[in-house]
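Only one chain is included here, represented as structure tokens and corresponding to the form predicted on its own.
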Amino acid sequence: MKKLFFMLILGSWALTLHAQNEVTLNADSANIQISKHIYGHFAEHLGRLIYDGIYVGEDNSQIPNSAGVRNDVIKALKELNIPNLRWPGGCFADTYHWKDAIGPKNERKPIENMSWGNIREDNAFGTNEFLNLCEALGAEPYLAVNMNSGSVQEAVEWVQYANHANGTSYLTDLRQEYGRDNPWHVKYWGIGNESWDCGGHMSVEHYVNLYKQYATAMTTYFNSEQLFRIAVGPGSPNYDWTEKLMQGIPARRFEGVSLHHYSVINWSNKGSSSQFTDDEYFITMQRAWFMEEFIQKNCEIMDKYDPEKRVALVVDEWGGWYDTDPEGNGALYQQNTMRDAMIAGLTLNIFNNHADRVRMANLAQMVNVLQAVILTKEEKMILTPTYHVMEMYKVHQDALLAPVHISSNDFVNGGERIPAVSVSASINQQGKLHISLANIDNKNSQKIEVNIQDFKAKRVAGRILASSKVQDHNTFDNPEKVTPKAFNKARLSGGKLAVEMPPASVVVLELD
């Protein structure tokens, strides 16, 4: 009887690691570039993101800073090779007037943040501070234009202030007076934000007509600046919005279409960021996997009108969203656990695999808000599990996508099932192959066999992000509880790679 029991246990373990996860990787078909801009971030005036999270003021002697921006945050973000940063919103952008926040700090117009808690802000962090931060990070700024309560003239003048040469208008004179001689040459401009909701509750027909006004005025026929104008796309499976957008906007008037998707358990009861059940974890992963379908269906519509794929799909808000964590002392502050690492690994793989159309994305959000890569508390700062995934995946930036075909085991919860394994791969300029894998199943290990075609490798090395349970996270008292480690469960034999991944883990491998 004992022998039978042992055999049953052994059989169960073997089934758990059964190699039904099969990946075919076509290195010879690597010809589409994974844009580095897929790895962008988002900083909205919300909670403790801008004030306290990024900007602490020039006179703050307790926290080392440069021009009021935290040095520790700058250093950590530069390690991610951040390609772009979206600002000032989000819904905040729909009531933001950029001229209120330029010039001497004591002359700026204080505002009430109507979108997020009616908090009074002194506008100490404005256009100059943001664009200078982007320069310090080596990141492209991505400005969100106020289409809801702003005007076409306001948008045109923002372009002039940010981009035009000195002496061409009173705005460039003003920029020089406020300490900036050279233009910043801002390329990326979002025209509106969630115009179907907080951005004006517009119909798509109204939005398209209004968009054409803005896009035309911001880039005249004689404008030397080549702007990348991003139109507001859907934030739900409203594919009619995408259809009418592609039909209604002339090709020469837009370069991108935005998409928003959050992995939310339930909008009326989002649940705890760190104290969640297995059922809640599974639902979150279901919502994360929906990104694949959402992108695919929008791509199919865009392909009808733009078969050359000139217009980019820009997923400029994505991530996990839970109830505000009271310990963070700020709106939409939430802890960041291994669950969020799994969202990040899965989502970035999806973006990579759609690199022919998805050419920009922005994680929401950067510091202290939603799925943040950094959390701060006075002079302290910690890096989250999401930060570590973004750092591990930066090897894909501007590399060539190596197409993969995946046959995955199911991640099962009750009567529901989703794929357990997600994979993407790329080849960089040095000829190294990188493979990123996510096992989102929090109960079962996965054995994965990768058949690598037309790539001869002699060496494999890797790193893994994993922990004992998906609720694990870093704290200010224990900031390195969840950090990447060396990974030695990958075996290379000929053209085949065998990988064993523990439950709820993210692995990035390098082969050369």
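Remember, predicted model here, so these are calculated numbers, not experimental data. Residue numbers here begin at 1 and follow the sequence given.
Omitted from view is the form predicted in complex with a small molecule, to which the following refers.
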Inset, instruction - May I ask whether Tyr39, Glu140 and Met366 each come within 4.5 Å of the small molecule in the predicted bound form, counting any non-hydrogen atom? - result: no
Legend entry - Contact test in the predicted bound form: Glu317 vs the small molecule, heavy atoms, 4.5 Å: yes
Inset, instruction - Considering only heavy atoms, tell me if His260 and the small molecule come within 4.5 Å of each other in the predicted bound form. - result: yes
Inset, instruction - Examine Leu370 and determine whether its closest non-hydrogen atom to the small molecule in the predicted bound form is within 4.5 angstroms. - result: yes
Legend entry - Partner proximity in the predicted bound form: Gly345 to the small molecule, non-hydrogen atom cutoff 4.5 Å: no
Inset, instruction - Would you mind picking out the stretch of 209 to 217, 83 to 91, 118 to 126, 389 to 397 that comes within 4.5 angstroms of the small molecule in the predicted bound form, counting non-hydrogen atoms? - result: 83 to 91
Inset, instruction - Would you kindly say which of Trp321, Tyr333, Phe130, Trp158 lies with a heavy atom within 4.5 Å of the small molecule in the predicted bound form? - result: Trp321
Inset, instruction - Find the only residue in Asn193, Ser424, Thr337, Asn439 having a heavy atom within 4.5 Å of the small molecule in the predicted bound form. - result: Asn193
